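Below sits a lone chain in structure tokens, taken as the form predicted on its own.
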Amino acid sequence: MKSLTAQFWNEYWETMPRKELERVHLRRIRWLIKYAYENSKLYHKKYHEAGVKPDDVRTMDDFVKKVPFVTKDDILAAQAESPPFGGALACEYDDVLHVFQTSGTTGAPLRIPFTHYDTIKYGEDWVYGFWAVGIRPSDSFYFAFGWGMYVGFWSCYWGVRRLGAKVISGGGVSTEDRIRQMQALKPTVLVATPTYALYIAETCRKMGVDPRSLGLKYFYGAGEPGPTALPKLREELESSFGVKAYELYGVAEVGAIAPACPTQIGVHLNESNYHCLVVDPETGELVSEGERGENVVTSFAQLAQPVIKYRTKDVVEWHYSEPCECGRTWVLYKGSVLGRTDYVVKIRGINVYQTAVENIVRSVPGTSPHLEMHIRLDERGMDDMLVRVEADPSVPRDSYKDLSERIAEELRAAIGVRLDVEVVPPGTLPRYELKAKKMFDHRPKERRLPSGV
């Protein structure tokens, strides 16, 4: 029986020396490439076109230099050839236990199949983070989540079952009813997207309820930049609910890849289930430790629809040479996800990241947590950005112009470029239950970054 005072969920994996991790990764990668080559038409075709066979991959250098990247578009194309999964599937259809899909807001939805093995591994990804931050089987989880076709918090549910904690479903009811349920049932962990959690706090106050009176001890979120990427957001969540706030970095079609670090400085790649490379988004070349680049992930836990050297479009900063303060030897993504390659905009020669803008805006007194970033072209046809920010209810409307100037000046001082800022009244911007849409690209299609980059 596992000791409740143990520091790690799985000390063997979480503290494995770096050299040993690399040996294990190579052995698993070689097996996975052979498995995908023999069972997935997508990978057989991809490797054949690249002139690569499984036996050609003998070293990690071979993997980095010889094996081609795979993108979301590759999987979508394979699925479209013979729906629902086509050549992307690497198992018998009868072995698929659970089916999900992405929202498809920018095109056809990506379907995501899971075998029973996949669901167990995906669920346990979450438990590494739960345990590290102090959550135990005696805790109870409230899921402020509509149980649909999106895998995110379904996989969290699998994790809670694996941990042995109590599940309280908040599906199918209004935000007000969710608050009443939490008042009655007193869960200790709130599971939600960060922006929806802030909306719950906002709704509590409108109902005359102190969010702290709900009795929560932890917030554990996912789906968008959260408490690690946005320290000001963490402060807002922790002060609103009286909790410790953490996040998990996941990629729906890959897995819940990086659970929380208890230090709150980042998230750790779960190297018992995943391997990563961080590359320059334009050249595809590896970047050095401590530099930022696109996260490229290989999953040893998604065997129904394999993902090998998968370009996530997520911008991360990786660290791995020394163990973390928490004791893990796993790759640390400092600050979690810092942005998306398709939303890193170069404005007057300066790279502007979503999380950088959010952190600066949230630090200005008088702003609310709700904002949008609109990428557009200026009068010269150059990339530009408008930041729309809701004012805090305490700010009088005749002060909005001054507040917008303060925000613009803070952005200029911190980033090195001046952005247009519009302050709008409270309640102007939409609220979201799932991932909040904050980035809007109004440029002509030919000016946007190409798919797969």
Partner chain sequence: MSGSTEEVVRLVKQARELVWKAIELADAPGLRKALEDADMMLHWSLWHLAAEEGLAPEVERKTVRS
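Predicted model only: the values in this text are computed from it and were never measured. Residue numbers count along the first chain shown, from 1.
This protein has a second form, the form predicted in complex with the partner chain, left out of what is shown; the following refers to that one.
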Check: Check 12, 32 and 128: does every one of them have a heavy atom within 4.5 Å of the partner chain in the model of the complex?
Finding: yes
Checking 273, 193, 79, 155 against the partner chain in the model of the complex, the residue with a non-hydrogen atom inside 4.5 angstroms turns out to be 273
From 346, 186, 205, 116: within 4.5 Å of the partner chain in the model of the complex by heavy atoms is 116
Only one of 373 to 381, 333 to 341, 136 to 144, 91 to 99 sits within 4.5 Å of the partner chain in the model of the complex by heavy atom distance, namely 91 to 99
Although the partner isn't part of this model, could you tell me whether residue 300 comes within 4.5 Å of the partner chain in the model of the complex, counting any heavy atom of the residue? yes
**Study point:** Residue contact check: residue 27 to the partner chain in the model of the complex, 4.5 Å heavy atom
**Key:** yes
query = How about residue 232: is it within 4.5 Å of the partner chain in the model of the complex, going by heavy atoms?
reply = no
*Looking at the partner-bound form in the model of the complex, is residue 317 within 4.5 Å of the partner chain by any heavy atom?*
no
Across 117 to 154, the residues having a non-hydrogen atom within 4.5 Å of the partner chain in the model of the complex turn out to be 117, 120, 121, 124, 128
